[in-house]
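Next up: a single chain in structure tokens, the form predicted alone.
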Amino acid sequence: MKPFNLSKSKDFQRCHHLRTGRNQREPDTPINYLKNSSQKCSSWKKCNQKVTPLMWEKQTREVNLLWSPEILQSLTSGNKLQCSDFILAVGHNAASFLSAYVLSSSNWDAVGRASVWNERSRAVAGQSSEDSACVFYRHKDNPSVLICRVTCYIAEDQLFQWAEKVFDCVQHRGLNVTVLSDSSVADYKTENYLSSSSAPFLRSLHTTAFSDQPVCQSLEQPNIVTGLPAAVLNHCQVHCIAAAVYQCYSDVIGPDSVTMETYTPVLTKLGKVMQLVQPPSTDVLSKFVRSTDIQSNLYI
């Protein structure tokens, strides 16, 4: 039997044209593409416009918010979420802290998620990263309290999208935003020697509309806040929203019980709107305090 050459098959050539963004055999001819991602190669259709890698990547890097039917119906009707407190956790320790100390109770419902794809997106724990890496929760008894856990990487060109789309769904009057953010102690700049016993520790940065007293000292110059916490803080500053970022500097990579407890004073101050699970059970904590699969090529 004559061996089958996959590279000469029509389906392979079409897929290759889509992947490379051009028809290498006939550069001036239209490119074939899938009508939607669930269809097979047999259902390709013609397009008179050439599809380039840049156009394809621009479409997939769009930040999409997927809400529950109830919230979606309300937003479609022109109503925004009535929210008094929005708590955002960025990073594995911050997100694990909310999961263990707050969300482990049965008083919360998952009401939406943000779908984000970029060059560092990957599946974790048998789930697609977009299914579990950026989820919104709402309190059952007090629906005005909204929580968001973010454990995925959000690229620089997606930060503005995320902040704009999320806060466009939330009413701003009377809104208080609290951001918990992970950071490595190696990124902390100080003139004095920083001993290993000093970490983990908290630093804060807030908008001018924030009138409350922070639970820790302010972030010293020349240290800065980056990534999603910076994008959210900037958005809140522009729109005169009371917001505070609490950045935890830790010397441990991955979820750690000591680092997670560092965030406790932040949410304790919000005891009027939520109740902490204090202390969480060993079974609950053990689900988060464990070795994680971290992409890194640094060996010490």
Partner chain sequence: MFVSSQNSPPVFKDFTLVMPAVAVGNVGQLAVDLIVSTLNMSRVGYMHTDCLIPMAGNNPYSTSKEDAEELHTPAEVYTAAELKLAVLQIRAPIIQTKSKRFRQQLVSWIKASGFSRTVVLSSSHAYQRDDQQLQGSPLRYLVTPSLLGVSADALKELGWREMERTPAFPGVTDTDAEPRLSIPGGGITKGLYSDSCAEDLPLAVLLLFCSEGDNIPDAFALVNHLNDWLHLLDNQDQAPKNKWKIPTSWSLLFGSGIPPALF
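Residue numbers count along the first chain shown, from 1. None of these values were measured; they are calculated from a predicted model.
There is another form of the same protein, the form predicted in complex with the partner chain; it is not shown, and what comes next is about it.
Colleague: Heavy atom within 4.5 Å of the partner chain in the predicted bound form: which of S183, T207, T151, T178?
Modeller: The residue from S183, T207, T151, T178 that makes the contact is T207.
Colleague: Give me the residue from A230, I71, A110, L202 that has a heavy atom within 4.5 Å of the partner chain in the predicted bound form.
Modeller: None of the others qualify; the residue that does is A230.
Colleague: Pick from 94-102, 136-144, 75-83, 219-227: which stretch has non-hydrogen atoms within 4.5 Å of the partner chain in the predicted bound form?
Modeller: Checking each option against the 4.5 Å cut-off leaves 219-227.
Colleague: Is R173 close to the partner chain in the predicted bound form, meaning a heavy atom pair under 4.5 Å apart or at it?
Modeller: Flag for R173 set to no.
Colleague: Within 4.5 Å, heavy atoms only: does R120 come near the partner chain in the predicted bound form?
Modeller: No - in the predicted bound form, heavy atoms of R120 and the partner chain never come within 4.5 Å of each other.
Colleague: I'd like to know whether S211 contacts the partner chain in the predicted bound form, with contact meaning heavy atoms within 4.5 angstroms.
Modeller: It does not: once the partner chain is placed as it appears in the predicted bound form, S211 has no heavy atom within 4.5 Å of it.
Colleague: Is L159 close to the partner chain in the predicted bound form, meaning a heavy atom pair under 4.5 Å apart or at it?
Modeller: Within the cut-off, so yes.
Colleague: Given a 4.5 Å distance limit between heavy atoms, list every residue of 228-264 close to the partner chain in the predicted bound form, or none if there are none.
Modeller: Heavy-atom contacts within 4.5 Å come from A230, A231, L233, N234, H235, Q237, V238, H239.
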